[in-house]
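Presented below, as structure tokens, is a lone chain in the form predicted on its own.
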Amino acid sequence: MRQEDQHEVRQLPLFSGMTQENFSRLMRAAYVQTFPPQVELLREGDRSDFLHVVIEGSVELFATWNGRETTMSVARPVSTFILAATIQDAPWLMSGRTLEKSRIVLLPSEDVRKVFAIDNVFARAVVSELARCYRGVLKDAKNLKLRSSTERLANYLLRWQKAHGGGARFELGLEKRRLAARLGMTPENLSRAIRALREEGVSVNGMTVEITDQARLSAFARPTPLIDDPNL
């Protein structure tokens, strides 16, 4: 595993405070692999053999039931995903596939659990990361239960705009089918929500979004940090 890849992993809050000895132990059997788009990395229901760290590209986490499929989240650099399954030695509750060419670090789950048992700083970092993920799930639930589909889309656009420089023009970040699933709606409902937001100062052309009236959109969306702030 290249030193620059190890350096990127080391910078994550999950790994930054642990001892160098334990970090080296964790990296000993780790490796980096480059995957093309649309490769299934993990399957819902399988055991967690590896903890994955995305260092380039993006990975869609999705779930299926009774012939239906929905996007749960998208992991982007530099981040881990499905940490809980690794720590608990439990089956994955989601599947994962690359959305684009992606470089992934694979850390053997057994090694992660061994270091978790002996490195107190790492253990506290794991607890903090799991708490952050739990709060993210609560925010998603509030977003789905308290907002209409058009309000969910409006707040997604405001969050995405802020995360990508704050300019009036930006890209959606996900193809519309996956964005609809991520926001808990059908593609048809997403199309209706896009049309409805024209009156609130939003223009969508293909994958390009232009916010023509920021104040009007914000007044309609009424964002709150208790749902929309990823750092809270």
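From 1 onward, residues are counted along the sequence shown. If you're wondering where the values come from, they're calculated on a predicted model, not measured in any experiment.
Quick note: we don't show the form predicted in complex with the DNA, though the next part is all about it.
For the marked spot (N143, L153 and R159), a heavy atom within 4.5 Å of the DNA in the predicted complex is absent from each of the three residues. Of the residues M185, I55, L42, A30, just one reaches the DNA in the predicted complex with a heavy atom at 4.5 Å or closer; this is M185. Checked against the DNA in the predicted complex, the residues R195, R47, H164, R169 give one hit for a heavy atom within 4.5 Å, which is R195. Looking at S148, you'd find a heavy atom of it within 4.5 angstroms of the DNA in the predicted complex. For the chain shown alone, T34 is not a contact residue for the DNA in the predicted complex, no non-hydrogen atom being within 4.5 angstroms. Contact between E175 and the DNA in the predicted complex is found at the 4.5 Å heavy atom cutoff. Mapping the unseen interface onto this chain, S203 falls outside it, with no heavy atom inside 4.5 Å of the DNA in the predicted complex.
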